[in-house]
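A lone chain, given as structure tokens: the form predicted on its own.
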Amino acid sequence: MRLYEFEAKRLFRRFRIPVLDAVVVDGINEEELNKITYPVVVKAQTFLGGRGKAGLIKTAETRQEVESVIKEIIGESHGPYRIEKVLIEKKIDIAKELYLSVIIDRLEHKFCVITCSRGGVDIEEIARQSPELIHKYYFNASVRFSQFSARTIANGLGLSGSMLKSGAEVVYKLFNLFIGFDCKLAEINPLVITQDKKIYALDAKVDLDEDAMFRHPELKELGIQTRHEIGELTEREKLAKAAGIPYVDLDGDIGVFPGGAGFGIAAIDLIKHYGGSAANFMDSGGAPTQEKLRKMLGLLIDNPKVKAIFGARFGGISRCDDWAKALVQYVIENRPEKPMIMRMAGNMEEEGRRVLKEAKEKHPELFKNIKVYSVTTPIEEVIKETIRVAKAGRI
């Protein structure tokens, strides 16, 4: 479960990791705004990166400016998420930016501390362009993390003198926070050194293991409670949840209308492999009703990002004719214009094809942008065609 920056910094304060004094507001809060000194930095509270590039981190020199920035940012969207809060911190003079994080390396089955002497930018981008700057330190879960290890890591960041001691303390405390709260990620990017030789966690990212939160009642005291895996549901995710449909919004333009969850995941990978990008994950579950199938289609059709829909139904417990009837009814009732490239095989396939054939003969204009292939066409070819159609905007 991902935390907002201001929530992560509450945990940092609990472990005495140095952070700047700040206030969090969801509008023009006179009492809170009276606590700040200028100049300040106003940061949108959202779960996605790239806030600076999106214009969601701004500076303000006066009370009038900060109120203007608050009004400008709150209510804006960042990806699928609506911004409802901003964090306001004092602006500081930065001499150096570093990167520090603790993760679980699931291939090595160990804890891993990752550092980089360049912070403030995407660590993935640094790893591609300058991999020699990335350092990884592995630790067994059964071995106590030591002050000596923290000092070694801080030294690897190029810190020396008093800054070596301060940096080692941050490393040690971040690792203990990671263990203490059953985290999946604890990241500081950037960890900054100021012109007057002070160190601060300027940003904070923490992912908690939701299944372990029952062990940490103190989180509620900090205002942190169990919620959706990444924090907030998008509007489509809320609709899907109400309908009992496992659904997650993604950033692509190809709607995925699969059978089960396993194939839904495989479809996302295949679309990516062949140069496309999926707009969602979705699972119909075993033997879905026609009503549920129509709601699933509606989620994709109503998504403005979706340019084409890839669908696949392998009839096992479920029936191909039920899937075909749901598709036909949805098309007749809603008259969607987005192209659909699909594949149907298995239980009651012949009956399903008859349903589709009759509907197309009766309503040729409504079904001109819909293709449904059989098992003789490899699924890879269906996906390739869907990608082509999404790029072209038509069949």
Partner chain sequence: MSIIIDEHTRTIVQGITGRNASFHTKLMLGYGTKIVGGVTPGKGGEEVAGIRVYDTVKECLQKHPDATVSSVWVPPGFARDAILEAIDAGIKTVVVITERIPVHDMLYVRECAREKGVMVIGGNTPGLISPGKSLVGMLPRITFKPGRIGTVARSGAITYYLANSLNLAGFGESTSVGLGGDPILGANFEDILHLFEADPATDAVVMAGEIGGVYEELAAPFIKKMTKPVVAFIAGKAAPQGKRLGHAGAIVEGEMGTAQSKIEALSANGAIIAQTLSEIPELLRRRLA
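Here the structure is a predicted model, which means the values were calculated and not measured. Positions refer to the first chain, counted from 1. For the two forms, the rigid core is made up of the largest set of C-alpha atoms that agree within 1.5 Å on superposition.
In what follows, reference is made to the form predicted together with the partner chain, a form of this protein that is not presented.
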| said: Counting any heavy atom within 4.5 Å as contact, can you tell me which stretch out of 268-276, 83-91, 193-201, 115-123 lines the partner chain in the predicted bound form? | reply: 268-276
| said: Please tell me which of Ser77, Ser130, Gln147, Gln225 lies within 4.5 Å of the partner chain in the predicted bound form, judged by heavy atoms. | reply: Gln147
| message | Looking at Glu72, Glu97, Asp302, Asp182 here, can you tell me which has any non-hydrogen atom within 4.5 angstroms of the partner chain in the predicted bound form? | response | Asp182
| said: Is Glu380 near the partner chain? Define near as a heavy atom within 4.5 Å, in the predicted bound form. | reply: yes
| field | in the predicted bound form, Lys165 touching the partner chain (heavy atom, 4.5 Å) | value | yes
| Any of the heavy atoms of Arg319 lying within 4.5 Å of the partner chain in the predicted bound form? | yes
| query | Given that the partner is absent here, does Lys58 sit within 4.5 Å of the partner chain in the predicted bound form, heavy atoms only? | reply | no
| note | Restricting to 127-157, the residues within 4.5 Å of the partner chain in the predicted bound form through any heavy atom are Tyr137, Asn140, Ala141, Ser142, Arg144, Ser146, Gln147, Phe148, Arg151, Thr152, Asn155
| message | Using the rigid core as the reference frame, would you say Arg343 shifts its C-alpha by 2 Å or more between this form and the one not shown? | response | yes
| query | Does Arg51 count as moved between this form and the one not shown, where moved means a C-alpha shift of 2 angstroms or more after fitting the rigid core? | reply | no
| query | Is Phe15 among the residues whose Cα moves by 2 Å or more between this form and the one not shown after superposition of the rigid core? | reply | no
| field | Tyr247 and Met213, C-alpha gap in the predicted bound form relative to this structure (3 Å or more) | value | closer
| field | Distance direction in the predicted bound form for the C-alpha atoms of Met213 and Ile245, relative to the displayed form (3 angstroms or more) | value | closer
